[in-house]
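This document opens with one chain alone, in structure tokens, the form predicted alone.
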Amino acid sequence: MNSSLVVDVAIAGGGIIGLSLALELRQRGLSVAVMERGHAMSSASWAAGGMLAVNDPQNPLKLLPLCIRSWALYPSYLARIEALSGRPVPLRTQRALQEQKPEGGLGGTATAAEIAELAPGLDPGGHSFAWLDEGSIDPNDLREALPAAVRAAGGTLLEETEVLSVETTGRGIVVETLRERISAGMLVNCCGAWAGGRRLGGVPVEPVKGQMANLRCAPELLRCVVRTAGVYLVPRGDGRVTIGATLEHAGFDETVESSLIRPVIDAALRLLPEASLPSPLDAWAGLRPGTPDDLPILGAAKLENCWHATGHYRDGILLAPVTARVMAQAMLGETPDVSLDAFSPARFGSD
């Protein structure tokens, strides 16, 4: 027979969104239990590039207020994780070179002398770049620190614990898993690419596969993020340069296919010709949680006492602090820092 656990909030999904929300709720004094079907931070949260791409021109305009607020929250967010976990989570870069159209529009064009200062190994080719004040982190740092921080804050983290059923009651919800029966006042669906399952409300989220790889180069050759329409380069400061990414609608397949990642590698090597490709290939794939309009799904579900915080697509790392904050505010009846109207689950007529 399953053991029983009683908490204020149950969170389905132990990626960066679910764990960040757990940390925020604990800071507000609520008891939380996070249920993760595999291991915490083991899917998209780990596989991501780690760019805090506030001003990425590929992002929908409606996303910008969330991005700006989250970037402002990042210093205190990282400081709290480090203090609780005892593990450092540094910003690996603090500037980005963003490819811009010939007519500009993103800001001042980066000069050759400026590029040589932070990216002496870069061959711009025919690209024109603008400087953006954006950071990046290594998701591996968060993979080590964030679960430890949640536990240190008093949160319960249940790994290898899949949600089997959700039942509403007069005072909250009951979640059945193979290991635990969890009674909670509220349930939050933070299941990323898996958030569309009917057990958790059936929101229109689908996996969007991204394949990535690491190159190697002398750290001083690249000390900023570089983004073009076809590839991005994210230096980790230790000789690794993470590059990506493909965009594939391939279901839940996470297989690395060399024929598909190879064009990304070739584009990266043209930009950073002194880099090398390790042998064997250091490559992996992750599943982004995509939505029909490329915007996250944040807000109350139709199912009583249930909420959604998912669908962050390519920006889960960037949006984790603000998602945790605005969801906690909404769940507790406060006015969120950023309006959630554009991100409401109701826009799809879904749960």
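Because the structure is a prediction, the values reported are computed rather than measured. Numbers for residues come from their place in the sequence shown, where the first is 1.
One more form of this protein exists, namely the form predicted in complex with a small molecule; it is left out here, but the text below deals with it.
Among heavy atoms of Leu21, none comes within 4.5 Å of the small molecule in the predicted complex.
Proximity of Arg314 to the small molecule in the predicted complex: non-hydrogen atoms within 4.5 Å are present. In the predicted complex, no heavy atom of Leu66 sits within 4.5 Å of the small molecule. Within this chain, Thr93 is remote from the site of the small molecule in the predicted complex, having no heavy atom within 4.5 Å. Candidate site formed by Gly172, Leu298 and Ala330: none of these residues places a non-hydrogen atom within 4.5 angstroms of the small molecule in the predicted complex. Distance criterion of 4.5 Å from any heavy atom to the small molecule in the predicted complex singles out Cys191 from the list Leu222, Val150, Leu187, Cys191. Of the candidates Gly121, Gly210, Gly155, Pro207, Gly210 is the one whose heavy atoms come within 4.5 Å of the small molecule in the predicted complex; the others do not. With the small molecule left out of view, the stretch that reaches within 4.5 Å of it through heavy atoms in the predicted complex is, among 85 to 93, 269 to 277, 256 to 264, 155 to 163, 155 to 163.
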